[in-house]
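Only one chain is included here, represented as structure tokens and corresponding to the form predicted alone.
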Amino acid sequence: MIRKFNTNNPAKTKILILGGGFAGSNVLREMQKQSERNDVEITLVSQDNFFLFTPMLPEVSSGMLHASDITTPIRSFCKTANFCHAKILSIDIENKHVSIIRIFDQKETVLEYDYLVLALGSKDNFFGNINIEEFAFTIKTLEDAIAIRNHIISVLECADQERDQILQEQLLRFVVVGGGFAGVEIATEIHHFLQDATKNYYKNIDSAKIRTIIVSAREGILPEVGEELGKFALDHVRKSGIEVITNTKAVDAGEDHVLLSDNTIIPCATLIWAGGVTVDPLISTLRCEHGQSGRLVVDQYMRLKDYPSIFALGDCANLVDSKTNIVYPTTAQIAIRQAKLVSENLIAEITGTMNSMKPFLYHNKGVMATIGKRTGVALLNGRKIYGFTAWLLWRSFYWTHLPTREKKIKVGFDWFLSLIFRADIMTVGFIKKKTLSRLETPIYSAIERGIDQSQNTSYL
């Protein structure tokens, strides 16, 4: 049964935000901060009931941080707004409604809106390679990070018991596809975890036999930081013991190997894909103008060109920088800035003061990446920084952008503890999950099942 949801007060302006990542959650927070109007009703829909601080996902994979350190309940942001923990089924931009299905009981609901904010983020792009999609881990979600951690520890447990040297070497081979930020940061993080764990716990594993391999389709790694810093990063990563294969792509995979574009087969038990992203299928199938990678073409105010009541931002938006004539990249920093602008322009639309709407202008102050233990690279306002200073800047910047004081304390405390104690090698284990295929009030359930209501039946 599909229910249509209408606000209790039809006179209220309904704002619907799809997505609870950096873009969506910051629009919500900014809207509540900037406007205390009683004639506006804000609803945010997300498949997760928490905001995930994705820059620190690799540290969850290595166990340096706990999952709760980088997750914040979305409801903690909802001072006056509504939240729907649901999966989005379809978006009807012509009739202004969105169909959703609740996570727990699979009940479908239709939400109406006056203004729509599209902030659904991106999905991993496997470029049509079904085998890689099946056999590779990814590093986009909290589940991904936990799965990688559990898998790596299980592999070490297995390798420690394996007496066949060839099989043990295969188990101790870890391949990461992607030479960008995500690939390099997850590769360096798990490599140092593997080194520390084997030295401290696994006496039958020679840490020198551990091979972490980065496969990059480009000449080097981290092209976003420029040639000089990219070369420094490449040299440092290789010196730390990580192998880097450049100008090569992963073209196929199985459960125990990966095939490269130069016909090299790497036997391995672990393959992590960080080779690219694409927009959510819900976005790519909308009947409106699309740009590169299926992103939605927006005007300078972050609105869809043919639908001024719909705003798109973050990974969903295709906006060209008027100064460089280049499409803005999909980064958390840009999503946060766009969220502030979208909230301001939304308020201007609602109040009828369209003349006060502002165009999106962004000066990229720089990019940063960690490339190993207490080492990083940073390009800030044209200044090249590397080593410990860049690593400290990375930590300081993202620590200050954690959404709550509680998370700042927890992350800072766990970072401090990692300096004192050895790596944790406990797996999370398997968790039983239950959902419902139907959830109805007792009277309807009884009627549908043909139960005689005249019988003495009681409900708790």
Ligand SMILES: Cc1cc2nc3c(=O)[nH]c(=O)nc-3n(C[C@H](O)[C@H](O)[C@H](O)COP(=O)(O)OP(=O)(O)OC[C@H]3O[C@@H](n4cnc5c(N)ncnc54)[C@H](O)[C@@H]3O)c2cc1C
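Numbering starts at 1 and runs along the sequence shown. Just so it is clear, the structure is predicted and the values come from calculations on it, not from any experiment.
What follows is about the form predicted in complex with this ligand, which we do not show.
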Is there a non-hydrogen atom of Ala119 within 4.5 angstroms of a non-hydrogen atom of this ligand in the model of the complex? yes
May I ask you to check whether Thr330 falls inside a 4.5 Å heavy atom distance of this ligand in the model of the complex? yes
Ile350, heavy atom within 4.5 angstroms of this ligand in the model of the complex: no
Please determine whether Glu185 contacts this ligand in the model of the complex, using a 4.5 Å cut-off between heavy atoms. yes
Can you work out whether this ligand is within 4.5 angstroms of a heavy atom in all three of Gly63, His236 and Gly372 in the model of the complex? no
To test your reading of this chain, name the stretch in 255 to 263, 295 to 303, 312 to 320, 104 to 112 whose heavy atoms come within 4.5 Å of this ligand in the model of the complex. 312 to 320
Please pick, from Asp48, Asp424, Glu30, Glu41, the one residue with any non-hydrogen atom lying within 4.5 angstroms of this ligand in the model of the complex. Asp48
Heavy atom within 4.5 Å of this ligand in the model of the complex - the one residue of His290, Lys140, Lys231, His192 that qualifies: Lys140
Could you list the residues in 16 to 35 that come within 4.5 Å of this ligand in the model of the complex, counting only heavy atoms and keeping sequence order? Gly19, Gly20, Gly21, Phe22, Ala23, Gly24
